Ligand code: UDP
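Below you will find one chain, with nothing else, as structure tokens; this is the form predicted on its own, and questions on how it binds or moves follow later.
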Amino acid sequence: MLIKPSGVQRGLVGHILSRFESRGLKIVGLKMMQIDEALAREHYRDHVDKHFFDMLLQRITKSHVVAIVFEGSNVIQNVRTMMGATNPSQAGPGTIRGDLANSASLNLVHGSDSPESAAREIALFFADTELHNYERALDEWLVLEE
């Protein structure tokens, strides 16, 4: 997941992280960075032929982002549900975009949409040595196998 420049510049990093941690997701990778154009092009490669591609590049490279890797039960679906629809006017109340974002082009966060895209994006933003496997005492209280 990325907290985009709009989220960093608005001072929402801690608030957004807190929402995911409160849901029980575990942070295993976290860093602030500046995305250059080459990395942005690779990250958004699936959108290269779309009319908004140049705008995506401009927005994501304008300022710092916070890159995060979460682990948890149904992590991809949980992150996407918590983010809400891309367009904040269509995002439900209680979602990050529904509660905090003001426009589709400044929608605060990005989350992977599949295990394949998650693996690709994690590799773009993190070296293996930057990901941390650890146990939390609360993990046994988050999901009960039935």
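Residue indices: 1-based, along the sequence shown. It should be emphasised that the depicted structure is a prediction, and the values quoted were computed from it without experimental measurement.
Unshown form predicted in complex with the ligand; subsequent notes refer to it.
Undergrad: Do H47 and the ligand share at least one heavy atom pair within 4.5 Å in the model of the complex?
TA: Judged by the heavy-atom cut-off of 4.5 Å, H47 is in contact with the ligand in the model of the complex.
Undergrad: With the partner left out of view, is L30 within 4.5 angstroms of the ligand in the model of the complex by any non-hydrogen atom?
TA: Result no; L30 lies far from the ligand in the model of the complex.
Undergrad: Is T86 close to the ligand in the model of the complex, meaning a heavy atom pair under 4.5 Å apart or at it?
TA: Within the cut-off, so yes.
Undergrad: Please run the contact check for S105 against the ligand in the model of the complex: heavy atoms, 4.5 angstroms, yes or no?
TA: Flag for S105 set to yes.
Undergrad: Check each of A118, L100, A91, L56 and return the one that places a heavy atom within 4.5 angstroms of the ligand in the model of the complex.
TA: When the ligand is considered in the model of the complex, the option within 4.5 Å is L56.
Undergrad: Answer yes or no: in the model of the complex, does the ligand come within 4.5 Å of a heavy atom in every one of K4, F52 and R80?
TA: Per the other structure, all of K4, F52 and R80 touch the ligand.
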